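Quick heads-up: it's one chain on its own, the form predicted alone, in structure tokens.
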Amino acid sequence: MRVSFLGTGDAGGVPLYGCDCVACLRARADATYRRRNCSALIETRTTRILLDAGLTDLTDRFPPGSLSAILVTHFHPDHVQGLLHLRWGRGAPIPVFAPPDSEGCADLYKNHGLLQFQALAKFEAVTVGDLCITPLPLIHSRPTFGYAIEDPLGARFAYLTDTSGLPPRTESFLQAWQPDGMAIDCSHPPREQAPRNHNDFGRALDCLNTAGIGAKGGAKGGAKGGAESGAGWLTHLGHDFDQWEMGNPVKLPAGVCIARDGETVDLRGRLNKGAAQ
């Protein structure tokens, strides 16, 4: 399973419009520090799934027929705004899986075009191509799912954004499931009081620790390398987090790193590892 972080930013992204903080100035000067709306691509040899659709250039990135499906975490605009243009295209319908949210976003349900919306149920797994996907409820201001994704070789990746902490049943699922990799919302630097809708740094690390990330080893070979069990990535990051990190270099737990736009990681599953030994 290959995971590509297409965007790692919060709703405002980095640089934030009109902001001249050191993080935003750095991002304007060096594009490698830019953060677009949070999104990822999951790929196997036969299946390609887009996680969230907040990027507004989806029609340029993905030619017709190149996506097996789209998974939406929730219907805030920064996670679905790319669908507003994509829907008017021509070609084969695109399955869009999402939490049950009667409001959706704008008129996407009414004028869905080539998008085929399908509501998921929490903890009820679905199969897309050769991937098994389990929706995990999160804690946010509207119905939101994270996704536990497993490939045929047993590689397991959890994508959990947007959330402030994790519901007890989601925690229990992850503890039993033991992901090989996990991306977690980390919108804010450390705060004395926990934010309402998004993790700060401390709470994000707590979520990773709950799932066994940061204690079992981590990614090897950098952004392009493989990953051992227990690799974690902080994502959905805001300019205030980047500004804080620039002034307060932190030693992250083993296997945990700050995700960057364009980063790609190959996850090896349990069956794959066994065959290689």
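Every value quoted in this text rests on a predicted model; they were computed, and no experiment measured them. We number the residues from 1 along the sequence you see.
Omitted from view is the form predicted together with a further copy of the same chain, to which the following refers.
Looking at a further copy of the same chain in the predicted complex, residues 212, 262 and 264 place no heavy atom within 4.5 Å of it. Taking the partner from the other structure, a further copy of the same chain in the predicted complex has no heavy atom within 4.5 Å of any heavy atom of residue 71. Under a 4.5 angstroms non-hydrogen atom cutoff, a further copy of the same chain in the predicted complex lacks residue 109 among its neighbouring residues.
Not displayed here, a further copy of the same chain is kept clear of residue 93 by more than 4.5 Å at the level of heavy atoms in the predicted complex. Although the partner is absent here, residue 169 lies well away from a further copy of the same chain in the predicted complex, with no heavy atom inside 4.5 Å.
Comment: 58-66 is the region of 245-253, 230-238, 58-66, 42-50 lying near a further copy of the same chain in the predicted complex, near meaning a non-hydrogen atom within 4.5 Å.
With the partner removed from view, the residue among 153, 126, 139, 105 that has a non-hydrogen atom within 4.5 Å of a further copy of the same chain in the predicted complex turns out to be 105.
Shown without its partner, the chain has 16, 17, 18, 19, 34 in segment 15-34 as residues with a non-hydrogen atom within 4.5 angstroms of a further copy of the same chain in the predicted complex.
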